[in-house]
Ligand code: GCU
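Only one chain comes next, encoded as structure tokens, the form predicted alone.
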């Protein structure tokens, strides 16, 4: 797909040239990559060198995998911005009968005309110090996660299925229409902050790049993305990184206990963001499926070919070359999961969501475990696939419940239980 971008509103002098590439390590074209019918060894370099120490992992293999995923699949994320500005839009309104403070912050991270990220943060009022936080991107706007009238409406294009959406725009008709999917009040009761922003703030989920951030990061004279430039999932992950920038200067947030969660396509985003940014302390991609937590080399559920056909903007223009050549991928999603190591990682699924390939996701975690063990920590502490409702809460964790492709308060109970364990929180110190 040739990916054209509208430059109409972008002054030429502010177009950025900041896409990151490892030009000293070129990779072969897809047709010349070796065939791997099984999952590639995450501890073996492209040149065949075996990785046997933690230093070799962090100095050699992890950087190589980061470059491979960007080159062949997600596209290259821009470098971290040299300048970033946070503007408080609304703050410290008491909600939930005074149990929480609501803050809204605009994150400006590009040229002046680049659309900002509108981050909503809800923090418990009863706290003895900085608190852990769940950070995630939402599908339908911050106003959909809370029914408070002070929450700003998004102005970008909105999914037509979102509550209160009219002509792809948010309205006041339905606030809090997806609050059960975020379960913010219960997280507050258990001592967690919650931070979220609308995906469309970064890039509306359409098969073009005219109204998101992509045009603002083009090289001078460039009018379309090239085959290795970033797609929408990489852009959303970049947005999560900028939200982490803000959280790191927020005095009420424990920056050593930042958990990122996302559902479905935003679960793919959460995994990519966590794999690439070690400031994220715990990663929960929920029902993320193909292109996220499921293996590409599996004929169950969504395929690489289908996802590239239906959602051609999610990945770069090199990834479709693997549509019928998935065995030539020099990685699979277990390598992305391994890049989270040694930090805690939890995959969560539902029995009826076969499209996301839950059992394949379990195999991904098993294949990532050798990297965790090389780094001296526990991997997936289970050999057999669990029964529904059974949480495997090892450092590499897994959970599947009855039900369908959705996010429920039951899922949030599991997210918090997993975070409680790996953030070292007990009943006494985690619930104010």
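The structure presented is a predicted model; accordingly, all values stated were derived computationally and were not measured. Residue numbers count along the first chain shown, from 1.
Keep in mind that the form predicted in complex with alpha-D-glucopyranuronic acid is missing from the display, and what follows is about it.
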Interface stretch in the predicted complex with alpha-D-glucopyranuronic acid - options 264-272, 241-249, 176-184, 209-217, non-hydrogen atom within 4.5 Å: 264-272
Scan 192, 198, 109, 314 and let me know which has any heavy atom within 4.5 Å of alpha-D-glucopyranuronic acid in the predicted complex. 314
Among 280, 307, 102, 77, which has at least one heavy atom within 4.5 Å of alpha-D-glucopyranuronic acid in the predicted complex? 307
Let me test this: is every residue among 288, 355 and 405 within 4.5 Å of alpha-D-glucopyranuronic acid in the predicted complex, going by heavy atom positions? yes
Using a 4.5 Å heavy atom cut-off, state whether residue 139 contacts alpha-D-glucopyranuronic acid in the predicted complex. yes
Spell out, yes or no, whether the shortest heavy atom distance between residue 254 and alpha-D-glucopyranuronic acid in the predicted complex is within 4.5 Å. no
Partner contact for residue 332 in the predicted complex: alpha-D-glucopyranuronic acid, 4.5 angstroms, heavy atom: no
Checked 233-247 against alpha-D-glucopyranuronic acid in the predicted complex; residues with a heavy atom within 4.5 Å, sequence order, are none
